[in-house]
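One chain comes next, on its own, written out as structure tokens in the form predicted alone.
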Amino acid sequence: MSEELTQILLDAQSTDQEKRNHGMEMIKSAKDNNLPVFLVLLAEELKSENKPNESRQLAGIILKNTFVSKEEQKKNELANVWCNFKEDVRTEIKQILVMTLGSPNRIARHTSAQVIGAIGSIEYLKDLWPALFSDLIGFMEQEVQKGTENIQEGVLTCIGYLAEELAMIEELPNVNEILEVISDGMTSENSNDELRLSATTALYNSLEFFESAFGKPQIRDHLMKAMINAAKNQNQKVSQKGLECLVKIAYVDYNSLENFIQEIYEITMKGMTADNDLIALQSVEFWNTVCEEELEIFEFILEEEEDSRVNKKYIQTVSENLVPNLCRLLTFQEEFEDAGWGVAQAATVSLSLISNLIENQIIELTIQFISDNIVHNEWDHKEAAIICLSSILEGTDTDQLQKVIDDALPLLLDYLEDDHEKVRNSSAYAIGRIFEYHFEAVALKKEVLENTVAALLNSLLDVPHVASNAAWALNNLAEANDYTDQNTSPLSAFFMPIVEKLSIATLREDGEKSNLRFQAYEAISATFLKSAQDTLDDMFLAVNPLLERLEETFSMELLSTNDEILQSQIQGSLCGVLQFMAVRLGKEIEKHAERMINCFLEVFKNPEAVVHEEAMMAIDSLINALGTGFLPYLEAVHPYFIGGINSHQQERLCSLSTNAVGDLFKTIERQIPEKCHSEYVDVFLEAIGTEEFEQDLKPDMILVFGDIALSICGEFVPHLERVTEMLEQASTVEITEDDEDSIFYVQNLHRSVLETYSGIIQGLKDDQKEKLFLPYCQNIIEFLVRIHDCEQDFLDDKMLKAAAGLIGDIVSILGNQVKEAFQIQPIQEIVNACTHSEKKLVYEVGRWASSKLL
């Protein structure tokens, strides 16, 4: 069978289609007939030194892939298949694989290490191989004594794979033992480059597990020196992996860098000049990670949150020499298609991060590079200068950059017509960044703004990548030009040309490339949303063409998946644009309302959930725009609201439908038919009580009951008992886990209960039925006491305001019937806390509630 299996495995890799098909069929048959026996044979094939590399490697790959899947559910199923094998079968396979770790054949030992990584992690997590790491290390030590040359490298490679597979657990056992083996492999004089690489890779994969060990200075310093020595190694693969370790340690334990930062600085500065792009890339990535850590520490300080890290301001210290090196790396661009993430891209990110850290200081460090290169004859230097300018726009002040922008903008406009596509593309992007962060630098200069808009509109005719960035720049221009409450704006004169040219861009046959069509629609939406009052008449005229375009999508010929995707993208974008038009036009949109509703309901026939979300948001905007004018369309839309609320597998659609129904009751009030509001009450109660619904959706669902009660007033009485029963249950939910998500959820839930109680009593009062609320006051008092007794952080301003608001509502409406019951100390203290809030609205609610308790 051994020779037969070898031939089958070779056939499965044959260039001859017939042989390959036969080999694959035989493998499938063997797996189906007796999987355990077949896996033992595969392990033996992998171990056999007299077999070809091709059959040995494929044997290991089949063995590994039998228990590996990217899908979590499938992965668990495969893990159970392995665990259900008889113990003697699992033991035999593991023994063979462990023995193969010492194979003189590198392919065999590395493949075996991968297989052990797969099945070893399964057994470790199932507690079937608790001594996994001790067994591997013990076996290695025995084989070393026997003189097995490659066993250290094989076991360290295996530990690396295991650490990667076990990334979800917090800490590995035998940390010191594993660290000693890794450290020995990295630093021993007897180690060769292959062993050093395996040891360094193992350290990289397992660094997170050793976080506690870094609290011990001796171990930390020893490992830092080992990583630094690896980064300095003459072997480029070892050096790269050592640098990767330093990048990761900057993230895992920023504090560990302190005693070694100068040496790391020297290594990375040298690395940035290396011929090997991967070494240069990791040298830049180290400083990117340091930047990100220092920005995060700074944010923690601003928010007055605790942080074990101390900001050593390494970037501030090294920026004078680091920034010029990064600028030089910007010229390392590929001329044609983007080659993915590389040195130039990493340097771009680094400059942007540094700009946020050292702010205006970066201008002085980059201005010479920008000035020298932005007029360079070579495209790569020209583009590097443009990218450098783009990178320093965030974090710097407009008044400090005004001259730089004044000098650069005319060149950028010229470069939108440059012969080189990358220069045109970067110029459009840079202009977009100027609008995003320094709109004031160009807004008040009419001629400059006019020239800029004209140049960007012309660029919408360029290749998709450039046109998409031009549309993005116009989007940023609109976003920065928020004049919705003003009669006119600097952009009013360009309103129609911008909308018309962007609309033409959405119709381009190559519009799907570089996200051009989507970006153009986004720019149209922003232009509509932010424009001044003097553009509304022109905006109204644009509704009809957009509706025509949406109606055309319903008859699109769908011959392929790409056609279906295109239809969904266009429908979603058009719904988004029409949504913003309804927001801006308000009641004026009523002339198009029926046609818009018909279009949105037609969109719901598209099976794509994302399109349903856009249609629901557009319908919600119509509700708010039309008010009671939406009532004629309620019967047609009602089933889609119910369907959206019930779509627990589509969380965002459920949330949007919930919000739309809330807005419906706020705007139409008592004119909603009784049958409808009864159905909404039923569907929300059912959803709240169903575990299938994401819990984060439930606070907003609860709030809708307050909207309903305020809207229908006394007609809410038939629902009162069921709804208050649900509110009482929700009020007893406690924080079960000490994490931010759990605390945030319970806060939202309890606040929604408080606000809903307020809505109910106010609604009952409007029909003089407030006495029906009396039986629920005792539960509310107990709820308020529980809130009072919570941790101080739980009682934020929003919670205090909701609680004081409810207290004031109940006491002001029910008066002496409840006042004494609400004058207990915990409730008084909640109200008093409101009166000491720095937020005006919270303070005013507290004062009002306090006056009612007197």
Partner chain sequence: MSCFEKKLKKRRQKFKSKNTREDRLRSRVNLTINLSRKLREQTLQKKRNINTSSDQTILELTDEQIEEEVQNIPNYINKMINGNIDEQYTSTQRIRVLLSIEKDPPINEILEHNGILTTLVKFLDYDNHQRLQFEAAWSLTNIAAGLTEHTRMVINAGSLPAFSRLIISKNESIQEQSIWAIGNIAGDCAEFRDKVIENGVVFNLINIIESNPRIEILKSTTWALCNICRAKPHPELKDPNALISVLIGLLDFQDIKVVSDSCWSLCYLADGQPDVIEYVVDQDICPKMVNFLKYPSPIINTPALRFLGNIVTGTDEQTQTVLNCGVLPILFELLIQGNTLNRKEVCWTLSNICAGSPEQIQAVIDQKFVPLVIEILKKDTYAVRKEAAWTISNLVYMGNVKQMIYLINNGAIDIFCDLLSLNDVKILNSCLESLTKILKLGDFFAKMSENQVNRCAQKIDEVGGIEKIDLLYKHQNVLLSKTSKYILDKYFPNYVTENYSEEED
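Rigid core here is just the name for the largest C-alpha set that superposes within 1.5 Å across the two forms. This one's a predicted model, so the numbers in the text were calculated from it and none came from an experiment. Positions refer to the first chain, counted from 1.
If you look for the form predicted together with the partner chain, you will not find it shown, but the lines that follow are about it.
- Look at 801 to 809, 36 to 44, 50 to 58, 23 to 31: in the model of the complex, residues with non-hydrogen atoms within 4.5 angstroms of the partner chain sit in 801 to 809.
- Only one of the listed residues (Leu749, Ala493, Val610, Leu278) places a non-hydrogen atom within 4.5 angstroms of the partner chain in the model of the complex, and that residue is Val610.
- With the partner removed from view, the residue among Val81, Ile169, Leu529, Cys676 that has a non-hydrogen atom within 4.5 Å of the partner chain in the model of the complex turns out to be Leu529.
- Taking the partner from elsewhere, Ile830 is found to have every heavy atom lying beyond 4.5 Å of the partner chain in the model of the complex.
- Within this chain, Glu782 lines the site of the partner chain in the model of the complex, having a heavy atom no more than 4.5 Å away.
- In the model of the complex, the partner chain sits within 4.5 Å of a heavy atom of Gln762.
- In the model of the complex, Arg652 approaches the partner chain with a heavy atom inside 4.5 Å.
- Taking a 4.5 Å heavy atom cutoff to the partner chain in the model of the complex, the contacting residues in 626 to 664 are Arg652, Ser655, Leu656, Asn659, Asp663.
- Relative to the superposed rigid core, the position of the CA of Phe684 differs between the shown form and the other one by less than 2 Å.
- Here Glu548 does not count as shifted, since its C-alpha moves by less than 2 Å between the shown form and the other one after the core is aligned.
- Relative to the superposed rigid core, Tyr124 undergoes a CA displacement of at least 2 Å between the shown form and the other one.
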